[in-house]
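Included below are structure tokens for two forms of one protein chain, each presented in isolation as structure 1 and structure 2.
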Structure 1
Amino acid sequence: MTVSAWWFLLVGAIVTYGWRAAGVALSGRIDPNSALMRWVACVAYALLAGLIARLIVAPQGALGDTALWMRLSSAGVALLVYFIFRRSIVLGVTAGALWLMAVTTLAGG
């Protein structure tokens, strides 16, 4: 990590705002449903799905010290509660996070 995190943040801000400014400049001139835009959406969704899977299966930092079964069962509990309680994202996320806290506390103590 020779480059400061500030450079990463600066680059991230420029790239992110760049897309927004490009959208303003191009509005009314391009079709947001064109094949190119659909490809862009596919790339973004694949990347984000990969990112989320990686954060669950192979996280860095302190989460990486927890056992894989703890994180997978937390995801399972979140999905289960989400579907049982009429697709409530709030309840699903809360249940999954509480589950992870519970199993890490029990395993650690």
Structure 2
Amino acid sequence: MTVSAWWFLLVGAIVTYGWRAAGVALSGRIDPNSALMRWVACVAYALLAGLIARLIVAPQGALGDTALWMRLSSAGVALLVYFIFRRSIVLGVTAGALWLMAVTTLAGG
């Protein structure tokens, strides 16, 4: 690594850990039920929903080589397993990924 690469790594670490330290210092003073925190949670959920929709509708890379029905069915399987198994994110994501691998393999993709 060159000196400039180490510099960027150091600055990135300082920025990252600086925000973490600020979060720890302020966490006791923040009301999680305040209007601001509810708004932040809504924005976070909206960003996540947008990213998931983009992965399904307009994926890039290897996922873009799969058919839309494969991506939609794997999302459906993931949601179904998620709700059947008492909102288990791990089981839902695992089931969706395994379903996508299975249909891709069986379809010859």
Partner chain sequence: MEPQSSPDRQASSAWTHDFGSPAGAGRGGAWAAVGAPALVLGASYVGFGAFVHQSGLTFFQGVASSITGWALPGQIALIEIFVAGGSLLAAAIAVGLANARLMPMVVTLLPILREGDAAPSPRLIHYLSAHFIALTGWAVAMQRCPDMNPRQRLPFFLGFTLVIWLSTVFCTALGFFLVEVLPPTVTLGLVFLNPLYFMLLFTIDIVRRDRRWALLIGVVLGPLLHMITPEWGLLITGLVGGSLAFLITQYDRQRNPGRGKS
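Every residue number counts along structure 1's sequence, beginning with 1. The shown structure was predicted, so the numbers you read here are calculated from the model rather than taken from an experiment. Take the two forms, find the largest set of C-alpha atoms that superpose within 1.5 Å, and that set is the rigid core.
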- Item | Pair member which, unlike the other, is the form predicted together with the partner chain | 1
- Message: Could you check, with the core superposed, whether the Cα atom of Val93 shifts 2 Å or more between structures 1 and 2?
- Response: no
- Item | Shift in Å of the C-alpha at Gly23 between structures 1 and 2 after core superposition | 7.7
